[in-house]
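Quick setup: one chain, the form predicted alone, written in structure tokens, and binding and motion questions come after.
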Amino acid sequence: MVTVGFIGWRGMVGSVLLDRMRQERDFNGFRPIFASTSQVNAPGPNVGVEVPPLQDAFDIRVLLKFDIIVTCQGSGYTKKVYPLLKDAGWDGYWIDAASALRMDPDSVIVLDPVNRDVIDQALSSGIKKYIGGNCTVSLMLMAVSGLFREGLVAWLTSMTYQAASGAGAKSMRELVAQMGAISSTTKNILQDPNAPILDLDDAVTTAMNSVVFPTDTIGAPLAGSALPWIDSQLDSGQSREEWKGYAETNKILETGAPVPVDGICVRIGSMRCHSQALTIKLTRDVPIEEIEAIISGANDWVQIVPNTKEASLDRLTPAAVTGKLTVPIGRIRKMTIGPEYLTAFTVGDQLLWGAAEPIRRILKLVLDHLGG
């Protein structure tokens, strides 16, 4: 029986992955073993089948026994352990939610509703590194991959509105702490309906710029604000997050001639859903009805939202999409600058299709490939 080792399953992405696998009853047909970087020999999680005590995730001798390793532990772990494991002769399948190996020539970025043909070819040819993509890129492609598939995208810009979850669990906690600090500071003013609105505004601003305002993790006030920079700075003037739009889109799709993709990535006070405003230069003028049919036919999860105020506010927001696998896209219309210019707005759960779900699904595909 195929043995699958799970590492990093207590973190944010790992927890969502295990929840999804439990929901779909995925823990059948293989032997799951859980390894830990900090709680060796403690009981393993309840996944509906018997599992041994936690193994040592840094013990190469333990890892060598796994036919497949699924890790959500992060790039630091991958960079430390993967080379040692390969040097020891391990020839199993490495499935990773972190970015460390994403752009390696012998790795595949997995998003099977979008690039199943690429994945199938990789499995047939013996590729054994399958890496989850950048959350924003994956969600964008879940929404508009049909247009890429039909050769309709000359170039694309994605102006993102990214949730705190993209920066990790500590950032989510700090966002809520910031909300609490603002609420506490303004409580008395809010309770007085006659208080001048500028007093409320001043109190919020003072709280956000106070030295005691919680910013240790995020680095700046996010509640009540927006942060126009995500990840490290590159010589091009892009952030690394913005660079991933071009690099990963073209690798996922294995485009012959690379399609230009760029934009500005912004962190907002959403908890776990990333939103994106898209501008697409079409390769030809296509009626909106045909565009919507191409988009909606690309996969089972993308959903067209009518371009009305009521539908947009009801179905096209992080609050409406959190915890759901659907990826709605709306505000679809031609722009006034020309009929070949399309604009749209999409939103998706960063922890589902943006992180855990592609990992869950590639594990099933690898198991099927192995006959597990």
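As the structure is a prediction and not an experimental result, all values here were calculated from the model. Start at 1 with the first residue shown and count on from there.
The following text describes the form predicted together with a small molecule, which does not appear among the structures shown.
Under a 4.5 angstroms non-hydrogen atom cutoff, the small molecule in the predicted complex has I230 among its neighbouring residues. Remark: Q276 does not count among the residues lining the small molecule in the predicted complex, judged by a heavy atom distance of 4.5 Å or less. Though the partner is left out of this view, A122 does not reach within 4.5 Å of the small molecule in the predicted complex, counting heavy atoms only. For C135, a non-hydrogen atom is located within 4.5 Å of the small molecule in the predicted complex, even though that partner is not displayed. You can rule out all but one of 164-172, 297-305, 145-153, 281-289: in the predicted complex, only 164-172 has residues with a heavy atom within 4.5 Å of the small molecule.
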